[in-house]
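Quick heads-up: it's one chain on its own, the form predicted on its own, in structure tokens.
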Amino acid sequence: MTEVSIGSDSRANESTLLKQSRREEWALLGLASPAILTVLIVMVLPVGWLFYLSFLADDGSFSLEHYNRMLESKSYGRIFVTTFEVSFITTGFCILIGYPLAYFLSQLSSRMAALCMLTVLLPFWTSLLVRTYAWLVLLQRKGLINSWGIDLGLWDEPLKLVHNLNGTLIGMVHIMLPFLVLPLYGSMKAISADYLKASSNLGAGPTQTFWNIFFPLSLPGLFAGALIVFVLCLGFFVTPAVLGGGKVIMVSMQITSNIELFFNWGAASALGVVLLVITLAILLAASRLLKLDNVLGGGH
């Protein structure tokens, strides 16, 4: 076989492989097209429309009026501060309550853990509105908690447990707790018992084993749960509106007011855009600091 024929066959093979590769790429694109179309309709179009509305002035012209108003008005600053304050505190309480709870569940046998997990999941499966109004009934001045406290002599006057920040935090912590416990429990159950046995065999006590072995390995689940809780809290509406009694105003409530009371879609869209940008910035920072792929994947 001559060198000319060998070179010609090689080019023909490369051309054939290139055509096959392109056909495979088009086939994969065709298979993915329903998912891409769904993302475009469900995600890209609404967010794009939100951005478009945020730059429309009241007379329909393009303007930065709504963003300038947010920068000049102190009330918008207070709303954002309140939103982040409530989100941080709620996430902190969920960590304080959720970590011991998840650790307790992870140390039980599979059957007992499944039974105890029902106490976490049953409220999770109940309507958010029902749980919020249940807390309103429990925390009001003549509610069950105040009645028991006065009857037991713990306090003389009914405590202000609702229609303020306290009531909002109690309700939000209760509702958000499963979002932290579930990924944290999964992360703890994935920790191999061999590591703990090896630590004990090397002479470490239970406390040293927990802090040096168990706790670091459970951090991915803890960070994943905390991040989910914090991001969900930023857009929370029902619980602050009901248990806050109008005294705890978060960004989602201001968006609703701009639409329902003032029919100002531009101002509401601008608030939504700012909240979205801040949330994405937090996720980006978390991905840089915590290797978000590993965190959300629960990897070790």
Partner chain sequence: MSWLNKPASETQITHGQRLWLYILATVIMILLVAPTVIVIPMSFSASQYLEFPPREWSLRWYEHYLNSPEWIQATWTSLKAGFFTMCVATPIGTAAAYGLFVTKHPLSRMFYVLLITPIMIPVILIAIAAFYVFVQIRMVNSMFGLVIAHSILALPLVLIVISAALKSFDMNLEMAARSLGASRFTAFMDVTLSQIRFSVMTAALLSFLTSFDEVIVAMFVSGGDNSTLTRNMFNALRDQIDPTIASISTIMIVISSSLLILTQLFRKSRD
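Residue numbers count along the first chain shown, from 1. As the structure is a prediction and not an experimental result, all values here were calculated from the model. Throughout, rigid core stands for the largest set of C-alpha atoms superposing within 1.5 Å between the two forms.
Quick note: we don't show the form predicted in complex with the partner chain, though the next part is all about it.
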- request: With heavy atoms only and a cut-off of 4.5 Å, decide whether residue 279 touches the partner chain in the model of the complex.
  value: yes
field: Non-hydrogen atom contact residue 260 with the partner chain in the model of the complex at 4.5 angstroms
entry: yes
- request: Spell out, yes or no, whether the shortest heavy atom distance between residue 135 and the partner chain in the model of the complex is within 4.5 Å.
  value: yes
- prompt: residue 123: heavy atom within 4.5 Å of the partner chain in the model of the complex?
  reply: yes
task: Please state whether every one of the three residues 71, 84 and 286 places a non-hydrogen atom within 4.5 angstroms of the partner chain in the model of the complex.
output: no
task: Look at the stretches 216 to 224, 71 to 79, 93 to 101, 152 to 160 and give the one with heavy atoms within 4.5 Å of the partner chain in the model of the complex.
output: 93 to 101
query: Is any part of 188 to 204 within 4.5 angstroms of the partner chain in the model of the complex by a non-hydrogen atom, and which residues would that be?
result: 193, 196, 197, 200
task: Verify the C-alpha shift of residue 257 between this form and the one not shown: is it 2 Å or more after superposing the core?
output: no
message: If I superpose the two forms on their rigid core, does the C-alpha of residue 26 end up displaced by 2 Å or more between this form and the one not shown?
response: yes
